[in-house]
Structure formats: C-alpha cells, structure tokens
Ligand SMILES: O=C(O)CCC(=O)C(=O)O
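This document opens with one chain alone, in structure tokens, the form predicted alone.
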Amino acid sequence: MTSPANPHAQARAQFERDGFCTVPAVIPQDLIERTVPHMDAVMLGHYETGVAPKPFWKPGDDTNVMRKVDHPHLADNTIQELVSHRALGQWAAAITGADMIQVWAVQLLYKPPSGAIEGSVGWHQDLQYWHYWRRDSELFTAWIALSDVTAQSGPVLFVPGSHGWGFLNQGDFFASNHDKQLQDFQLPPGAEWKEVAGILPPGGVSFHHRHTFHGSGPNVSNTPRRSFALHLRTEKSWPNPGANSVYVNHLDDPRYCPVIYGNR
C-alpha cells in the first residue's frame, strides 16, 4: 500500500510548474470568523490600535470598485494575528525552500457583489509595482480567502506558466477591461494564454510568483469577496540601494513586517 502524496511537495511542484498553487484551508475557522468584523471596522475607519492604515479606498468612494487598504494590520490586532499566522510561513517555506519568510506588505481586499466591471482587477505581474526591490529578489504573494471564493465571486485568475516568460512590464492592476488589455499585450514567441481560477474555501490560500500574470473579474455573486494579500520575501531578497518606500523602510519592525518562518 503506497503512502499518500506529501501535500507540501505537491504544492511546490505546482508552484514551480505553473507559477502559482492553491492550498487547503490552513487558517483556523475561528480566526476567520473573528477577522471579518475587524475587516469591516477598518473599512469604516475604526482603528483599534489608533494607527491608521494607508488606504487606497476611503469611505465615500465608489462602492462598485474593489476596496484596497494597505497595511491594515497596523490598525487592528486581529488582522495582525491573521497575517502573522505560522501556518502561512510553513507553507510558504515548503513551497519555495526558503530558510526565512517575512511579510513586507499587506493589503485588505474587499470586492463588492455589484457585478460591475469596475470591480475587476487588470492583468499584471506584481513585479511591475515592486521597483524598490532588486530585480533578482525572491518575492512572491500569498492570497488569503476569508469568504467562499467561487467562480461567480470574481476569483483571482492565473495564467499558468507565465512566470517563465520573465518580467514583461506589461499590464495594469487598475485596468478593468481584460479584452482590451489582451489586445495590447506582446507575449513571447510560443507563449500560450490560458486562465485558471483560484477557487478557495474560507481560510484557503493561493501563492503566486512575482512574474505570474494574474487578474480578476467582477463579483457577480450575492455576497462580498473578502481576502487579504500578503507580499512575502525570503532571505534571497534585497532592497535597491537608497530605496525609500514604506514597503522597505520598516523591515526591522516586526509590527510592520513580521517574520513568519525562520529567523531574519
């Protein structure tokens, strides 16, 4: 009788082959349930710690668009507990083979159930927005579902194998018209554009490479899509000399940038 496959090994194989992987519900259900009201409080401008996040969305803005709040963990202790959860670090280390995993940025993402195209996220590679890191740094993203992420709720869409195309510096997170974007893309010879949805239960996590093309469509379900995106680094990562950004200026501060696996 053969032993069951190692889930860490399976996830690592998928990550290396496709540039992304999904893992089961690794965040405890009680923590998910406790985080949801704290997520709502931050979006309403109620900051438990007295420290404001750096929001892209503010109360009063268009409610059809996805709400994106940077560094919400600074404002709330329960969100801090979520983004510091050791299971995230253990999975991230198993997938990458890293000795150290550190969170260097956190984004609260709330996609309303409006079905409006404004709720979409454009195709992009994360490295387009990470110019304060050296290009060869080992950086990637963990995306945590707090709600049931279905095909109808505007899941993250990944393009398998696109991490192997290198950094193309094309795309736009804030674009909403996917068809228009694809008409303008110039892909490498032989590249195949195929889209795979990251379907996740509450507490499930997807990981993706810094070069992997991804985006998402509108939420046409009747409930909001709730998630957090954690940008992670390994010990093989270095800020650019002289870089001055909130994303790299606090790497020695465990409140801003918790180490969730190993020692820094």
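Quick caveat: nothing in here was measured; it's all calculated off a predicted structure. Position 1 is the first residue in the sequence shown; the rest follow in order.
What follows is about the form predicted in complex with this ligand, which we do not show.
You can rule out all but one of 23-31, 196-204, 38-46, 224-232: in the predicted complex, only 224-232 has residues with a heavy atom within 4.5 Å of this ligand. Although the partner is absent here, residue 104 lies well away from this ligand in the predicted complex, with no heavy atom inside 4.5 Å. Contact check for residue 219: every heavy atom lies farther than 4.5 Å from this ligand in the predicted complex.
Although the partner is absent from this view, residue 208 contacts this ligand in the predicted complex, with a non-hydrogen atom inside 4.5 angstroms. Within 4.5 Å of some heavy atom of this ligand in the predicted complex lies at least one heavy atom of residue 109. Interface residue among 146, 75, 121, 88 relative to this ligand in the predicted complex, by the heavy atom within 4.5 Å criterion: 121. Contact annotation: of the candidates 96, 150, 141, 114, the single residue with a non-hydrogen atom within 4.5 angstroms of this ligand in the predicted complex is 141. Contact residues in stretch 153-179 (any heavy atom within 4.5 Å of this ligand, taken in the predicted complex) are 156, 173.
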